[in-house]
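First, one chain by itself in structure tokens, the form predicted alone.
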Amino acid sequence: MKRRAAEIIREYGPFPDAPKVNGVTFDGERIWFAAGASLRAIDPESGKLTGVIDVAAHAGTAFDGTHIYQIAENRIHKIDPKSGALLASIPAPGNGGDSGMAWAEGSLWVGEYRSRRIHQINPDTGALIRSISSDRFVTGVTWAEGDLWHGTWEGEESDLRRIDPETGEVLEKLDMPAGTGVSGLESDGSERLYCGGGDSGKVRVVRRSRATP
């Protein structure tokens, strides 16, 4: 397993009226983060707030190329990012214990915090397709260039880890600085991983290694 210290290359926030970051996603232009009572968008270059959708946003956030999916308590809402309209809703696999979500290969991938698992589910029905186990609390999930990553946060330690999507084996680990939590994880499709910072109210950017051994 490859292991190194996470290289934080930028921080956004904290932001007014958004004391927590509960999830994070990227729509190709803007970074969206779940702030409890709303979804908020920031410009990745300027770091300025560029949009707000008033919708419950308690945990993971994902983008499928058109819609945003947002965990609110024990449900996953499908949202039109242009109008803010709630289009559909399915049960979350962890029934309220969910943390972290990503879109890939026509599925939603949802972390279940205390059970230390990642579930692949049908985005239309919520039906479980399969689950992957971790040995740490799961606090963020993303796919980056065919690699599955998840964030962890347990005690005062957190990391970002690339895992085998079939077995859950940890292939690479990026250790976050002590006291720096991870609440949400997203790839920008390039070298950046966006990390929610929980109670810090920040979104942090970590440099990702590009090559897959």
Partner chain sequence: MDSLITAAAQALAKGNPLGALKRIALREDAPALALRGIAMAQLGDLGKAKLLLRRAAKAFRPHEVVSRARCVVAEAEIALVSRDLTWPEDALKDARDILDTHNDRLNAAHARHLAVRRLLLIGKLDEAERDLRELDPEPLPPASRAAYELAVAGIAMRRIHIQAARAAFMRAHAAALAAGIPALRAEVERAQRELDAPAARLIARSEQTLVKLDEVETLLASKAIVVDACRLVLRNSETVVSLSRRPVLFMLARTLAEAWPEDASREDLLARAFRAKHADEAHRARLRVEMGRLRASLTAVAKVVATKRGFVFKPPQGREIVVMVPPFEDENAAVLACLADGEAWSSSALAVALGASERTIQRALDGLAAAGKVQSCGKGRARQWTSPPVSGFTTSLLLPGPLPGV
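Positions refer to the first chain, counted from 1. The model shown is predicted, which means the values in this text are computed figures rather than measured ones.
Keep in mind that the form predicted in complex with its partner chain is missing from the display, and what follows is about it.
Only one of 61-69, 144-152, 165-173, 31-39 places residue heavy atoms within 4.5 angstroms of its partner chain in the predicted bound form, namely 31-39.
Within 4.5 Å of its partner chain in the predicted bound form, a heavy atom is found for all three of E73, E156 and D199. Within this chain, R116 lines the site of its partner chain in the predicted bound form, having a heavy atom no more than 4.5 Å away.
The shortest heavy atom separation between G84 and its partner chain in the predicted bound form exceeds 4.5 Å. Its partner chain is not drawn, but in the predicted bound form it has a heavy atom within 4.5 Å of G97. Its partner chain in the predicted bound form comes within 4.5 Å of no heavy atom belonging to W103. In the predicted bound form, not one residue of 175-189 has a heavy atom within 4.5 Å of its partner chain.
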